[in-house]
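Only one chain comes next, encoded as structure tokens, the form predicted alone.
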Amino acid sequence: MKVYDTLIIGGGQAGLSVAYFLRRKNHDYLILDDQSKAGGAWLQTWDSLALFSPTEYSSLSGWAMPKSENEYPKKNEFIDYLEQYEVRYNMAIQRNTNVISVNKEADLFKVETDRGMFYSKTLVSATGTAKQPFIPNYPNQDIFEGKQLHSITYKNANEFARKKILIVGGGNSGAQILAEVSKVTQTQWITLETPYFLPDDIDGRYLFHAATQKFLGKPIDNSSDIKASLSNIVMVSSVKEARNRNVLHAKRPFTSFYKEGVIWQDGTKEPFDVVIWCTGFKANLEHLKPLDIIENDRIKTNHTRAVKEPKLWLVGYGNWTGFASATIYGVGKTARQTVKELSEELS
């Protein structure tokens, strides 16, 4: 029975970041990835998605993403970069392997997959959130006769021509999908609060700088009135174009569904054919349920290390596993610290 020093579950940006630092320690590791090729969750995103930072702020540790002809790299450019990154560092990855469950057997992790059993001394879970899309509950949601889909299954606007579309969610995904769909049909945007658009000359570089300063416990140089939040909407070209068409107007949430559409707060009804939920995700932790350490959809951690299972680390799920750790630019910092702790455990 082969026993790895560590297994990494998930071959997206978080898993690759951990593997990059692991290879420098000469530990025997393997990434188990359920995709057929490089790209992780990016493979499921919509066709026209644009990153909201230039290439130098869209890179993993060790090797900068090659310059793009676009100011903000497209989805496929980033997927190509991840593929090259794997090859450049000769990452140990087993594809098309779906992890079903994780248990402990003696002092080892026993990882059950659809391609057999794997064993390791330590474990890194880096499965992200893409498999757990979040859709809020509204009264009478089940009687709505139109189509509902989450942004993770949205690909392009082609199928929505001549339909009336409700887009729910105030982040970058909501703004970019609104910009695209509004070109082909009538749309209405719903956000909890008034959307906050960054100035045209401010993008993810500013946000990631603020995130880094916060990670290091340093004061943020914030002489302007700009809010530093990774939920701010970056004015990529498609969103600027939508602004020029005067479609970036959002209403506050409706109160309920009815058969043909939604009921607004003033009691008026409005029909819609489709609702696109751009409402985020929850951590994908299903495989860790047998360990009995999940509470309120999270696992209590000290940085990335599980408190109740100290040979398990969680990387890339969001701020609770390191500030900005669910971002391309931010995950390297938490991956480095994770491997430092993991290596000490193995020594």
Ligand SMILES: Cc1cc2nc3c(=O)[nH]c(=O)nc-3n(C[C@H](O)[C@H](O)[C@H](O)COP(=O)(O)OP(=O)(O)OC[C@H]3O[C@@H](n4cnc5c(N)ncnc54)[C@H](O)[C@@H]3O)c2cc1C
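Quick caveat, the model's predicted, so the values are computed rather than measured. The numbering used is simple: start at 1 and walk along the sequence shown.
Heads up, the form predicted in complex with this ligand isn't pictured, but that's what we're talking about next.
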request  = Tell me, yes or no, whether N98 is in contact with this ligand in the predicted complex, where a contact means a heavy atom of each within 4.5 Å.
outcome  = yes
ask   = Looking at the partner-bound form in the predicted complex, is L49 within 4.5 Å of this ligand by any heavy atom?
value = yes
query = Does at least one non-hydrogen atom of I9 fall within 4.5 angstroms of this ligand in the predicted complex?
reply = yes
message = Given that this ligand is not shown alongside this chain, does F281 nevertheless sit within 4.5 Å of it in the predicted complex, heavy atom to heavy atom?
response = yes
ask   = So which of L30, A41, L312, I299 gets a non-hydrogen atom within 4.5 Å of this ligand in the predicted complex?
value = A41
Option touching this ligand, based on a heavy atom within 4.5 Å in the predicted complex, out of R88, K131, K251, R243 = K131
key: Location of this ligand contact in the predicted complex, chosen stretch of 115-123, 259-267, 193-201, 90-98 [non-hydrogen atom, 4.5 Å]   = 90-98
